[in-house]
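One chain comes next, on its own, written as structure tokens: the form predicted on its own.
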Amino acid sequence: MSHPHLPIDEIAATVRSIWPDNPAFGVVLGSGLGTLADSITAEATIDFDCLPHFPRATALGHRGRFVCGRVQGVPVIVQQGRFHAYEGHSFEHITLPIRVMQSLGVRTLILTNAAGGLRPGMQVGDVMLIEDHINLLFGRSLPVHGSAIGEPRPADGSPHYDRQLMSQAEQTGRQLSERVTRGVYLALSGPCYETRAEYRMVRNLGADAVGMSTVPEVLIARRAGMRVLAMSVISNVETSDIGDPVSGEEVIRTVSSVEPVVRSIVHAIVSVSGVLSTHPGH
């Protein structure tokens, strides 16, 4: 998969020069989940600063590096920190790491984020598997020039989120006796957390959780033919029109406390789905 304005092959070659393996799985760690990278058997760490033409991660709690290694013997590349529209990044730069992962051989992508809960009954610390999304991040599904990239794309009506991977994640949640649900994720540009009026708006649009990331990565991953599992850790719940605003530091503390659950799901998906990752369709 190539892009006329982004040196994907050059970046991938730099990664291979440091870590020559062929990862079947890619993992993107959102706010508060960076320590999950410590759970893999690391063989190389590559700071984004070391990659040619690569953006810098500036968001709170985003380390900005690839951790390359293995989970139960399976080669995995972990993106420890991501890029956001509110940092001034374009769709192309936000999705650049996913394009690089695809060039390295990744066929199954696991995405994580922190999100505000909207659905009645949600609790702080819940893990919500994203089964659909509402894209208000860029106001378009793919870049205008997307049809000229020459990438595979999902057939009309095919789901963005892999149902079999969701079922495996739910099974892991049951084994851990943890709350793992499914829901709709709505992406806004940020960087400010939503006002109470905006919370009412996105609830009325049908969202179960709201955040500032993930959807661009999902779109480009599915266009590249990857299987996708995406998870939101509910960092705060908007239950009424009165309440104290949440801070970024509080989000990171809350999400960090749920990292063991997310880690267990990631490890289970990698260990169970290694064979399935070579069949990215439904």
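Remember, it's a predicted structure, so these values are computed and weren't measured experimentally. From 1 onward, residues are counted along the sequence shown.
In what follows, reference is made to the form predicted together with a small molecule, a form of this protein that is not presented.
Participant: So in the predicted bound form, does Leu129 come within 4.5 Å of the small molecule, heavy atom to heavy atom?
Facilitator: Result no; Leu129 lies far from the small molecule in the predicted bound form.
Participant: Is there a non-hydrogen atom of Val67 within 4.5 angstroms of a non-hydrogen atom of the small molecule in the predicted bound form?
Facilitator: Answer no; every heavy atom of Val67 is more than 4.5 Å from the small molecule in the predicted bound form.
Participant: Tyr161 near the small molecule in the predicted bound form, any heavy atom under 4.5 Å?
Facilitator: No, no contact at 4.5 Å.
Participant: Would Ala114 show up as a contact with the small molecule in the predicted bound form if we use heavy atoms at 4.5 Å?
Facilitator: Ala114: contacts the small molecule in the predicted bound form.
Participant: Can you work out which of Leu51, Ala57, Val251, Ala37 has a heavy atom no more than 4.5 Å from the small molecule in the predicted bound form?
Facilitator: Exactly one residue meets the criterion: Val251.
Participant: In the predicted bound form, which of the listed residues (Val210, Ile98, Ile110, Val76) lies with a heavy atom within 4.5 Å of the small molecule?
Facilitator: Looking at Val210, Ile98, Ile110, Val76 one by one, just Val210 meets the 4.5 Å heavy-atom criterion.
Participant: Looking at heavy atoms inside 4.5 Å, which stretch does the small molecule contact in the predicted bound form, given the options 224-232, 210-218, 43-51, 22-30?
Facilitator: The contacting stretch here is 210-218.
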